[in-house]
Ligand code: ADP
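Quick heads-up: it's one chain on its own, the form predicted on its own, in structure tokens.
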């Protein structure tokens, strides 16, 4: 029987999604369920790992029911996930010993401050900076905050995984305990040069190697989703931003994409040798196909689309995210309002965990339309900081930026992004590039797609944005941004 679809699972920060892709890279059907976040203290972000697992089961069943298909129609599973988010569970029971600590969470700042003397060695080995964003300090926090955590870990009673590992473990009825190189490279424990966990770092952070999953290529037979069907193979895994880079067909050195999700994540393919940033970006593994490893430069904006959720849920200025575009277009400018949405600190290139959000330029004439427009502008302006830094580190000019993620549906935001970057922006026909990248990785492993050229031939773009701002306008925007960032970082 012909197996006409790849089942792609996209477990993100705010929701879990399942999609079926055909050989043309089209989304046949999709299902989604939101995931609840908990905020126990200021700057802390947690989720229930069981909720995440149950949401995956729900969306799989929902998408199959919608399209009246069975597992007989599915070639393989591709999996992509929110990165760095940390789960530790009991090996015997398979149950979490603590909530999942989400990538955004800052509750492990103290550990990172204690490790500052080791920044150089961590950067050289992992391509990362010492920051609570990454998994190592989250692991350390959990082990120190559960009864006998360290002893249990050393005795082999506990297992650690990023979300990909947790989902595969549950899908396989506890038989798969693996991750891929892209997720491993985000733990702050994995040496991206030797492609192995680094003993020196494990000793430094006092994390037992026995609790860590096996690391595999991104396109690889990880095992079988026995909870669904005994012969249904999981064949592609990548962290969400690397999956989006792959899904955007950034296969050549210098090609770049920006994903506008809860945060914004810009990645550039830098080829088969890592480039180390001198300006606050991180170096990461983009993917591994067979024995070939591709590296990327990455800059992270912690609050991207989440700022629109803030407008909706906390500020109650809009009822749904799509309204933000309409309100932004009702006025001709932001009237000098400037928003710095550093709700959980600033990401690249500042890496300032302690600063918090700020708003500048308010007057009696300020209306909510100006506030909403300024908030959308802030997403694009944070991304500009990352892109300019990336160009300095790579010594490559980004002439075309490929974009994806939920916020790309906002035409105002995309046009403003093109304007301030003075760069052409390409919006793909399939906006689900994160899930598509995971599907491509799985399909290449199983032969669903023969090679990268076949994938390139099916990839299409639906819209292009071209810049319209003059240099004087951009210079003034940059001046105000510099001043606002400086003032925000001073006020602590």
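Rigid core: the largest C-alpha set superposing within 1.5 Å between the two forms. Positions refer to the first chain, counted from 1. Predicted model, so just to flag it, every value in this text is computed and none were measured.
Keep in mind the form predicted together with ligand ADP is missing from the figure; the text below concerns it.
Using a 4.5 angstroms limit between non-hydrogen atoms, residue 321 touches ligand ADP in the predicted bound form. Although the partner is absent here, residue 280 is not a contact residue: none of its heavy atoms lies within 4.5 angstroms of ligand ADP in the predicted bound form.
Contact check for residue 406: a heavy atom falls within 4.5 Å of ligand ADP in the predicted bound form. The shortest heavy atom separation between residue 338 and ligand ADP in the predicted bound form exceeds 4.5 Å.
This chain appears without its partner; in the predicted bound form, the one residue of 127, 345, 305, 299 with a heavy atom within 4.5 Å of ligand ADP is 305.
Checking 269, 262, 82, 219 for any heavy atom within 4.5 Å of ligand ADP in the predicted bound form turns up a single hit: 262.
Here the chain stands by itself, but in the predicted bound form one stretch of 245-253, 83-91, 269-277, 398-406, 398-406, has heavy atoms within 4.5 Å of ligand ADP. Contact annotation for 10-49: a single residue, 14, has a non-hydrogen atom within 4.5 angstroms of ligand ADP in the predicted bound form. After superposition on the rigid core, the Cα of residue 323 moves by 2 Å or more between the shown form and the other one. Relative to the superposed core, residue 151 undergoes a Cα shift smaller than 2 Å between the shown form and the other one. Once you line up the core between the shown form and the other one, the Cα of residue 197 stays within less than 2 Å of where it was.
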